[in-house]
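Take a look at this single chain, the form predicted alone, given in structure tokens.
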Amino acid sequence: MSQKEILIDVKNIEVAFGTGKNKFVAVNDVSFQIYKGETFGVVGESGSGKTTIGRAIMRIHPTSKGEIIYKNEKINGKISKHLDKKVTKEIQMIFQDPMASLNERAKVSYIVSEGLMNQQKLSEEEKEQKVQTALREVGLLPEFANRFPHEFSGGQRQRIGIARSLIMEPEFIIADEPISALDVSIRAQVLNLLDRLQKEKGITYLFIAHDLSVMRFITDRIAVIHEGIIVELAETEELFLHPLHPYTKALLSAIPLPNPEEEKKKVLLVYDKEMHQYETDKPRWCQIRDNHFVRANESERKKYEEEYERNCK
């Protein structure tokens, strides 16, 4: 089996806001790798730090510790103008709220093409052609370029946001809860669009969400984050079949069941971080099985391994 190519390598990053007594650490000692061509998911409840990770990779939020490596080059902190231009083109973001992320006073043609202004010297005709191509790729009519965002539905606005990313011909896209603000009937369309674009263009995704049921159908691997710390990481189906960390189990128990009778009988699990005995036995990153990692101290590691063996029998 050939070794997978690492596109993004996040090493022990910390993102903090404020200083001294007012310092708040939103992301604490987070590490993971994203392979070229995969969809890597980060899941957690609101305020867990998942969006902050995406914004740190985009260099919107500076890191206070650690490294973010893209194609073997460090991209956090001070970088060269050449690398800055390259990263700005090749790493794009789809934002959560399609209503707030588009400039209401600008026409779609300007919104979609804005990123090209500092990247390429294009004639107006070439720019217009690129805008029309990007709109077609996301299932919108080229004539929509002359309209304003308020003339579109939420689903159409999110497609405009995706077109804005695609026009840059990126290799890596951070999708920050791209369907959470959309009607249920539109969500599948956007997910199918992202999947099709990945197959056609070989795009790599970091998919951020709080809904594990959505993650199951779009991601290859999932990292579970709680209060800025990744507590479990595994291939998607592995995580659903053999969850180990109690926080992961709590998230899974919150997924609605299709059968109403089963849903009524379901027992919701509540995670309490005080359940861990970390005063003397400190937690560390443990590999339980191939590509399945969990944050645990020594006694927890043994318990997780025994639990895994029982579940596999």
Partner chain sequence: MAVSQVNLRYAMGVNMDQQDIILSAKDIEVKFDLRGQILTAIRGVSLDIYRGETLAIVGESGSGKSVFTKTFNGLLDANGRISEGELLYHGENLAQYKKEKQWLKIRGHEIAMIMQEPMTSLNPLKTIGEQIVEAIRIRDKKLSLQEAKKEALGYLKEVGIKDPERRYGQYPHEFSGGMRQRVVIAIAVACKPKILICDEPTTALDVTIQAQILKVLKEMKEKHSLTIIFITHDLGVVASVADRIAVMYAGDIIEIGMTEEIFFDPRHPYTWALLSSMPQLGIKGEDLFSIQGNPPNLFTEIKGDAFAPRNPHALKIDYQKRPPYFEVSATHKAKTWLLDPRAPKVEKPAGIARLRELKAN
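Positions refer to the first chain, counted from 1. None of the values given here were measured: they were computed from a predicted structure.
One more form of this protein exists, namely the form predicted in complex with its partner chain; it is left out here, but the text below deals with it.
Residues within 4.5 angstroms of its partner chain in the model of the complex, judged by any non-hydrogen atom, belong to 212-220 and to none of the other stretches in 75-83, 130-138, 212-220, 225-233. Residue in contact with its partner chain in the model of the complex (any heavy atom within 4.5 Å), chosen from D183, E125, E200, E143: D183. A single residue from the set I68, I34, V30, L251 has any heavy atom within 4.5 angstroms of its partner chain in the model of the complex; that residue is L251. Its partner chain is not drawn, but in the model of the complex it has a heavy atom within 4.5 Å of Q189. When contacts are judged by a 4.5 Å heavy atom cut-off, M275 does not count as touching its partner chain in the model of the complex. Although the partner is absent here, N259 is a contact residue: one of its heavy atoms lies within 4.5 angstroms of its partner chain in the model of the complex. Contact check for K265: a heavy atom falls within 4.5 Å of its partner chain in the model of the complex.
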